[in-house]
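This document opens with one chain alone, in structure tokens, the form predicted alone.
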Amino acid sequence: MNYFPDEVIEHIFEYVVSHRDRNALSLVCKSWYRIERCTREKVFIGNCYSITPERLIQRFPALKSLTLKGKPHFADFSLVPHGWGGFVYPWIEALAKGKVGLEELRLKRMVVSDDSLELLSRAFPNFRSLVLVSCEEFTTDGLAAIAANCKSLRELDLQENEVDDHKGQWLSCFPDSCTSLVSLNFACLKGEINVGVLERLVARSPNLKSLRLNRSVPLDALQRILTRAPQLVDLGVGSYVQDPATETFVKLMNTMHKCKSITSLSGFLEVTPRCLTAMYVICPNLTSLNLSYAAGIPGSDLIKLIRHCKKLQRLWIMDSIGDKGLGVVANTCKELQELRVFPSDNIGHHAAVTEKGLVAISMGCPKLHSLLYFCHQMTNAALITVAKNCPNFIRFRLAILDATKPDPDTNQPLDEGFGAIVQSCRRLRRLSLSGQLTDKVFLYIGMYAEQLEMLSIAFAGESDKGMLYVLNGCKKLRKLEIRDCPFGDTALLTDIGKYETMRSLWMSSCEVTVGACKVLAKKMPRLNVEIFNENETADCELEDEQKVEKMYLYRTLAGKRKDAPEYVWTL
């Protein structure tokens, strides 16, 4: 296959960065497999139990950057019991023993202990980037080890983690010689921060581009930090509480005029809405705005802010903006590509969004291709209009707060609306369904969603046919998540060969029995079939007719895992 020397092929491969493209290259011929194996530095593993770290090291000896996911996605909705697994320590230990030159580690839904962070900080002298998303069981002591020992650290990004705070002194562990930081995000930390130490760290980090603060950093400290770091591109505001008439607020107003590089704004974990006027000056340059945690900003003030954001490409916001506010977004943000609307905690508020807001967005934002939309209701007519206006959707996730609610205008299921989405949006890769749905919607998905890779289903369908339509039709499906649906043994066992091409299948509160899971595990030895019930332990006798509370099936080269808790049976 090679018409060029290996050195030339290696040089060409350097320009191929996509994981998917690198995988494809390795399948061309033995020579390309060998070259790709020896030159790949970045690896993505979507399930930490799909392979052993030792096998990874053997396969990719030049590994420098690893992305690793642990618990299933439904862990985000508290459906995965505590203690299920996803421990990162064995991975870090194996990488250290294998003398891997690890520089970057990105973890999602993993159990990260302080010991693992301590080992990470000491075992890899060139380590420079740590990203933790939805991880747990570590404290600020572990962060202190990273700060103290990673001399070349460029990025420390903590997103939505559960972190125990031990007196908030971890920032003090960055040595005075640390000047390499490019990105620092500790917005999820709940404890106090030594503001003086933070200011000095920022001052000696001339390349700092991204800084996201927690709620313990007050507005006067924010002003001083921005004075020291006018080069910031990404700013996450912590506490934004101040009387607009004070000298502190006036200083902030003047400082913001000098922050001409900021294109991404987030945070406002505590806020005085009247102070938002200070941010207006940077709004014309914003391409990303995340206010999904800014519960203190009323819809009227959100609207005033967004009127200044004409270049937005990415917007995360709470449903307190209302349909009226989404209409303003549609009229203002013509470049919008990604929208996420989250539910607020205000019970009984009347500003929550409906189908009207989504239709307005679809009419005003033709470049929209990614959507997460929590709403109180949806209609088939609205979904059909959205599908017509925005045919470029790659991700479409709709969450109706009343999960089984039909079309309020016709009292019909939402089959035709979602059918229009999958027919019009032929590049759709991720889909989440909501509302009253019959098997018909799954027939549409199987027929038209040719590129679909991930599907999330809840409280939908009528029979096993619904699940079978999806398994038979969606040739590229990799992850299927199902909860509270009437799918049973026939749906599970009819097309078991399909699971060899998928990464995982999750089913909870469905009609699957223990006996069917045993049959599947026996016929497909390269799959791990886990069933679990928090109220029972492994020494309990399981009857074949017993309904399975939760089942997690995934493809693996590692065999049965050794760290499963007592309530998990691996068949």
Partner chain sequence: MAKEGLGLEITELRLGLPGEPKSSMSGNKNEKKRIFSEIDDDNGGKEEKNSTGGNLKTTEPKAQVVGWPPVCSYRKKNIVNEATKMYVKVSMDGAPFLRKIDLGMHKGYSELALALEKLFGCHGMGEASKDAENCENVPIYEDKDGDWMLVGDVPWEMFIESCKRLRIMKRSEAKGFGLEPKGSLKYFIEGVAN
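Positions refer to the first chain, counted from 1. Model, not experiment: these values are computed from the prediction.
The same protein also exists as the form predicted in complex with the partner chain; that form is not shown, yet it is the one meant from here on.
- Taking the partner from the other structure, the partner chain in the predicted complex has a heavy atom within 4.5 Å of a heavy atom of L401.
- Of the heavy atoms in Y293, some are within 4.5 Å of the partner chain in the predicted complex.
- In the predicted complex, G466 stays away from the partner chain, with no heavy atom inside 4.5 Å.
- Proximity of W91 to the partner chain in the predicted complex: non-hydrogen atoms within 4.5 Å are absent; the residue sits far from the partner.
- When you look in the predicted complex, the only residue of Y448, F124, F249, F393 with a non-hydrogen atom within 4.5 Å of the partner chain is Y448.
- Just one of E500, D76, D176, D409 comes within 4.5 Å of the partner chain in the predicted complex, counting any heavy atom, and that one is D76.
- Relative to the partner chain in the predicted complex, residues S344, Q423 and E511 are all within 4.5 Å by at least one heavy atom.
- Contact with the partner chain in the predicted complex, defined as any heavy atom within 4.5 Å, is confined among 293-301, 124-132, 200-208, 98-106 to 293-301.
- In the predicted complex, the residues of 432-464 lying within 4.5 Å of the partner chain by at least one heavy atom are, in order, L433, S434, L437, K440, L443, Y444, M447, Y448, A458, F459, G461, E462, D464.
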